[in-house]
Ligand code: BES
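For reference, the chain that follows is the form predicted alone, supplied as structure tokens.
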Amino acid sequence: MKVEFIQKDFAAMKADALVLVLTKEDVSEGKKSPSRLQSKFPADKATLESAVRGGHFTGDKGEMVTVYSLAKYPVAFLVGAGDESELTNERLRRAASAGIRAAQSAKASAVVVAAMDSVLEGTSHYEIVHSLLEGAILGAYKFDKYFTLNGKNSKVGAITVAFNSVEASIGRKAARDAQLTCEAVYLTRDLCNAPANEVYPEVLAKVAANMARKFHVHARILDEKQIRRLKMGGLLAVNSGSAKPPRFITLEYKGNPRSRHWYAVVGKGITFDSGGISLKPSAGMGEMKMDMSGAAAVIGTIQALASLKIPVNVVGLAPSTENLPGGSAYKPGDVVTTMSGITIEVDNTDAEGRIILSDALHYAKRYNPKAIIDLATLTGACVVALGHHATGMLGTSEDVMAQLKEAGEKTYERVWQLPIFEEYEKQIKSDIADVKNVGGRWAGTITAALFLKKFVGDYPWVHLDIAGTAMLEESTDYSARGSSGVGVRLLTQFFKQIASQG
């Protein structure tokens, strides 16, 4: 997809379609004066008046009306963003996404996305352009690789944001940054949406290595022999029922060579989760191809940071395996010795993500990181608690959690903090090992986090449970059903904030 910014009046441009984001104030008419919208297209005043009144379009958020033959555009989609005083970057994203999906349905290839100059008043021009493009690009995403009978669905081939009043250098940078960030989200979505017979540990590792080569990131892929040498008993136990060998992915992005400080991001990489011997119900099991959403987000985040050249040092770690039943599979009642030496009593083989993360979190300590952040589709309890609109956040560093909350509000990949009171710890106490991998019915998200906490030592640490936000049962504003790619934009913004602090 071609993405660009042009310093030009969108009313004078030509493309297959126009997506025009409007506030209520842009649409409202004075007693004796035309609306801003009508003033922008004086030759089409009657056409606009008919479309707006016929469609009962007021510019309120969620509204959209189609106008045919507007200026040089065969079709235009007018999308409401609500009151000007309540306009946010998220409203711009959502409006641009709704418009681009409508343009895609109309089989438009080249689309101009724009808004009236009034949106630029008193706010960052960079953020306006970035938000419009982010919403448009993410909204245009389709995973249609396997459609063959009726051909592939039409896709938008070029998106241009146009503002005459935005400085060209600012607009171009915003467009470039939005495109690079969204390309990383696309990679994450593609990895998660692909079937498990196509993306398994070896393939996930190969994709990570290819990405690293392209963006000059140092990759180290550990195979099964190297994993055994490091005594990663957690990863090996979960892998024991699969015919496909495990991989441990390490991606080192050194964006600030003058600094010795590292941050570690760790992602759960279960490429398919049957539940193992503690088998899941068959209904919905196919969605467990997305149980590697944490690992995919780590790969996508490293790509985003490297392509944007954010001046921070970040290592991405992703333990990857399938979790399948079989004659050699690990069993409830087994005791597993992890890389750290901590022993785990396996009470349920479907609580496997925390077991492979135990090795990865311990491995992260090799970098003496300023903070460790892990992402995992870890617990159904988090979906019950927060649904699909917020990621569960737990950790030991209030500062890192505050930074992530700020980044979440900015990107709208919002996080919500849950407690990790020590009183919950007795639920994962084992009678025969150091810790048990499940803590019973109550507070499942919290007990899972307390399990992980045992493997990070004294390092500042935050756990993000993305079970509800990574795998979507239905489409949202700019995420189609399936993988949302959550985590990439959140962590990219987080590290931008870290870099800006010096």
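Numbers for residues come from their place in the sequence shown, where the first is 1. Here the structure is a predicted model, which is why all the values come from computation and not from measurement.
Although not depicted, the form predicted together with the ligand is the subject of the following passage.
Among heavy atoms of Thr301, none comes within 4.5 Å of the ligand in the predicted complex. Remark: Val207 does not count among the residues lining the ligand in the predicted complex, judged by a heavy atom distance of 4.5 Å or less. The shortest heavy atom separation between Gly286 and the ligand in the predicted complex exceeds 4.5 Å.
The ligand in the predicted complex is approached by Arg354, whose closest heavy atom lies within 4.5 angstroms of it. Taken together, Asn348, Thr377 and Met471 are fully in contact with the ligand in the predicted complex: each brings a heavy atom within 4.5 Å. With the partner left out here, the ligand still marks one of 54-62, 463-471, 35-43, 449-457 in the predicted complex; by a 4.5 Å heavy atom cut-off that stretch is 463-471. Proximity to the ligand in the predicted complex, defined as a heavy atom within 4.5 Å, singles out one entry of Ala443, Val27, Val438, Ala433, which is Val438. Of the residues given (Glu134, Glu413, Glu322, Asp291), Asp291 alone sits with a heavy atom within 4.5 Å of the ligand in the predicted complex. Contacts between 196-213 and the ligand, taken as any heavy atom within 4.5 Å in the predicted complex, involve no residue at all.
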